[in-house]
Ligand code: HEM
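In the block that follows, a single chain appears as structure tokens, in the form predicted alone.
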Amino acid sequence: MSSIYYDPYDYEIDANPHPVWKRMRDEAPVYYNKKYDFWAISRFEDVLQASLDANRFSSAYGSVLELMQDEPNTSPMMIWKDAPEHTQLRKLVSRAFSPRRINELEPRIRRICARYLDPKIGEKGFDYVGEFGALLPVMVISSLLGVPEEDQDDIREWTDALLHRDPGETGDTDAHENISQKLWGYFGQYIEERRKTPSDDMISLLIAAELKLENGKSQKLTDVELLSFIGLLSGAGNETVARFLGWSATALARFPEERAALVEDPTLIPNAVEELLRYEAPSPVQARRLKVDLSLHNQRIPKGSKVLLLTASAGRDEREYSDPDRLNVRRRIDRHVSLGYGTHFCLGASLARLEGRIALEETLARFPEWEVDWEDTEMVHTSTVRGYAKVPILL
């Protein structure tokens, strides 16, 4: 039997990593990649415990493999901080994701779905991701931020380009730098305008919010901190929901009996969202820096090592889920790690679940059956998200 090789930058592996991940779970639950100098853990329980253990598995050095640093970074990005800074920032920005504010979005999300899906009724097919799945989250998040509709496609294209990596490419290129300047320049001007003229949107709320410090004083977010939050929200929020909807279209085509169950009983859709997240995690890899020497499965991982938490592998671990390679919309799911766990649990999880549920409800109400033109599908290639950029469906 050949030796195990896992490379998050390899397009061929990324197209279907599950066979490699299964071998890793069974034969090398603690795996070392010499080429990129990282360790990877792949079993559900190990990924769960590492996610919960922010003291030993630090995010302060970066949570994306190619962007990790040797020393704690000074980035204002919330997900690249440990407690207490992360805790303080998370508490402040979580106000923008209050249940009331999220629930108020439901009518808006349904209108957006109708806008994109209704014109497809009666057609022979369309690109489910390019013409719907990638557009919906941009529109929703832009609505939260208050971005004008005419600018929203530019934001989506810049975000996609910023995350893209060619084979073997681990750093930023001149193209990435140019795109970054466009994106941050746009949002820098946007924040300046909102400071002058507040509105009823998320950023105006965050501009006005004050962070209570341990010394009793109050502090507002700086422009840099606001920009980092916008970047996180527009990047992670747009990408993960778009990939989730691509996986939904392909998985439900592969398991038409599960799709038929959702059409017959739409009350199963909320649980189906959790099952789809388990089945194919849109964000399959989370990077951490180990702050102590660690022994796991008789393997020593040295202090300072880069460790990848393979959340997508964890979702297929038969030690946690029976028949994990089968989609089962009635499966009882007590827990999964596809949205993170512990301190760094996805801040926008409630919004992502709402978008996923409504998108599936609106899709299945119009199109109870479809096939996928597999030869014409295209995948996104980044080290942070995994899924389809193009899913042509035949109606």
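One rule holds for the numbers: they count along the sequence shown, beginning at 1. Everything numeric here is computed off the predicted structure, so don't read it as measured data.
This protein has a second form, the form predicted in complex with the ligand, left out of what is shown; the following refers to that one.
Asks: Kindly indicate whether Met78, Thr240 and Gly348 are, all three, within 4.5 angstroms of the ligand in the predicted complex, using heavy atoms.
Replies: Each of the three qualifies.
Asks: Verify the contact flag for Thr343: yes if a non-hydrogen atom of it lies within 4.5 Å of a non-hydrogen atom of the ligand in the predicted complex, no if not.
Replies: Answer yes; at least one heavy atom of Thr343 falls within 4.5 Å of the ligand in the predicted complex.
Asks: Is Ser63 a contact residue for the ligand in the predicted complex, using a 4.5 Å heavy atom cut-off?
Replies: Yes, contact at 4.5 Å.
Asks: Check whether Leu310 has any heavy atom within 4.5 Å of a heavy atom of the ligand in the predicted complex, and answer yes or no.
Replies: So Leu310 does not count as contacting the ligand.
Asks: Answer for Phe97 alone: is it within 4.5 Å of the ligand in the predicted complex, judged on heavy atom distances?
Replies: Result yes; Phe97 sits at the interface with the ligand in the predicted complex.
Asks: Which of Ile155, Leu276, Met139, Leu233 has a heavy atom within 4.5 Å of the ligand in the predicted complex?
Replies: When the ligand is considered in the predicted complex, the option within 4.5 Å is Leu233.
Asks: I need to confirm a contact call. Of Ala40, Val329, Ile358, Leu339, which residue comes within 4.5 Å of the ligand in the predicted complex, counting heavy atoms only?
Replies: Spelling it out, the residue with a heavy atom inside the cut-off is Leu339.
Asks: With the ligand left out here, work out from 257-265, 112-120, 127-135, 241-249 which stretch has heavy atoms within 4.5 Å of it in the predicted complex.
Replies: Residues of 241-249 come within 4.5 Å of the partner.
Asks: Where, within 81-110, is there a heavy atom within 4.5 Å of the ligand in the predicted complex? Residue list please.
Replies: Those in contact are His86, Arg90, Phe97.
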